[in-house]
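Alright, two takes on the same chain below, each alone as structure tokens: structure 1 and structure 2.
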Structure 1
């Protein structure tokens, strides 16, 4: 399966999420920055391979097989985003761009290794669900903002919902990274501050931060 095909299938999947009628060749063409003619062409080829259902002038629909393909690609994309986010100081925008390329050159084996390394996360740093190797998606999000976390419990950071560079600089300076483990030592309810410990350091965060740092209970 070529990169062109993978991107085509992914675009149908993504466009279809928001609106079933958003998967006509023209819509997909726009998403991929190709001509409608090229999209119709590809659609007919993929129909012959039983990856999509194609009927003239109708929205494109993924077959079971096509859907599984899309989920595999989405999985790899989100695993890469999660890994790069954890390891490197890169903007979410940069990380997305890199993952967009790497996702197509990733064996199932490597995807498994990345997932394992990250503790088989169910959500990526954006909060988007990561399909498992079978293509199953967990839709129930058990994470919560740090402000809602309980005193004395251990948590794993699951998202940092911000695009602000200063916020990320602060986070990386304090090991507040996706996948890292923290202990919540105190919730100062009146002042809306949270005291946590991470790597034997204790820091106190105000609600600006604890509302955009999402965590999962560490069981």
Structure 2
């Protein structure tokens, strides 16, 4: 399959898993920076190949074949992110950017070798689950957005749902990394802000951050 097809299928999968759950052609077009007409044309072509289900004005849905394709691409992407982070200590933004290129040039054999080298990780450095070689995600996501966390409780950062460089730069500068522990001091409900403590520092985050930083309660 071409890079364009793989990116299109992956975008449907990722948008379907996002908070907006919007997989209409126009929204997929925005995610891929292409025209709505191009997205509709691609959707019709992939529907003819039994990769997606296309109905005019309706959200796009992956078929079983399409879902397997998407998970294969996602697996390669997240394995590359994990490898690049381990070997070169690149930023979370940089590993995503490089993995976007490498995922399309990676055979199933190489993906399996990378996984074995890394110890068959379940999550990438952003906290996103890595599908196994069969295309299955074997972990259960119990995380919640930081905006929903309770005051006075301790949480572990489980996912950073962004591709924005400035977001990752801010997170890196303030130790907001996957696996780190934070304390929720105060939820300012009316202003949609959250005060947290981490490494003896106090930070106040607005909803632009707290809706894409996911946490699990630290039991």
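Numbering follows the first chain given and starts at 1. Quantities reported herein were computed from a predicted structural model and do not represent experimental measurements.
One of the two isolated chains is the form predicted together with another copy of the chain, namely structure 1. The listed options are 140, 166, 173, 163, and the one placed at a hinge of the rigid-part motion between structures 1 and 2 is 140.
Rigid-body analysis on C-alpha atoms gives a rotation of 63° for the smaller part relative to the larger between structures 1 and 2.
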